[in-house]
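Only one chain comes next, encoded as structure tokens, the form predicted on its own.
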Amino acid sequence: MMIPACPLADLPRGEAFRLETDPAVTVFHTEDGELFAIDDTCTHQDASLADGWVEDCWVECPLHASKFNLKTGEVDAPPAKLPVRTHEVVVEDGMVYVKLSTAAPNLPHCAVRKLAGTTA
């Protein structure tokens, strides 16, 4: 499924745009001008990676400093142990689109419960 994210002109380099999909996806525009999309939630705990720090092709979780590779989704160090899901990004006529992956997301248990509408 391909969904529109935002006009490329509205996403400056070094910034991120969070899509309110279920689960949320974030598009990152790196300082080098590359675009990447990954699941927004850290695989360790319910933290938005859109609020993280981006350096080169890595985003650092704002809670516990695990870093995720924006190209592959791989994680560099604990406490996160699982990669984040990556998505294809396409730019057509100045609009950024995200082609959602069909792979299962690696969400932390607390985020899964939130999506399911339960808190226990």
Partner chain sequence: MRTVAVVGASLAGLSAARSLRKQGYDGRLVVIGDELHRPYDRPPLSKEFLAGTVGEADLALEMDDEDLQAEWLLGVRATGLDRTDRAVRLADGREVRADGVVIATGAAARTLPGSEGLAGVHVVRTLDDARALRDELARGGRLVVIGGGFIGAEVASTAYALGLGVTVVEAAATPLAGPLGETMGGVVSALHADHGVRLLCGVGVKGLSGETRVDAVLLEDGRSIPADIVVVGVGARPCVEWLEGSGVELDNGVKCGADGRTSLAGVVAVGDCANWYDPRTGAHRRVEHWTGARERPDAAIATLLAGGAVEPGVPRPPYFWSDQYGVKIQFVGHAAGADSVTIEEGSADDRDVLAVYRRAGEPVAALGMNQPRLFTRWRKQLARPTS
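This one's a predicted model, so the numbers in the text were calculated from it and none came from an experiment. Numbering follows the first chain given and starts at 1.
Just so you know, the form predicted together with its partner chain exists too; it's not on screen, but the next bit is about it.
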query: Residue 57, heavy atom within 4.5 angstroms of its partner chain in the model of the complex; finding: no
query: is_contact(residue 92, its partner chain) in the model of the complex, heavy atom dist at most 4.5 Å; finding: no
query: Partner contact for residue 52 in the model of the complex: its partner chain, 4.5 angstroms, heavy atom; finding: yes
query: 4.5 Å heavy atom contact, residue 32 and its partner chain in the model of the complex; finding: no
query: Check all three, 45, 64 and 109, heavy atom within 4.5 Å of its partner chain in the model of the complex; finding: yes
query: Any residue of 72-88 that, in the model of the complex, places a heavy atom within 4.5 Å of its partner chain; finding: 75, 76, 77, 78, 79, 80, 81
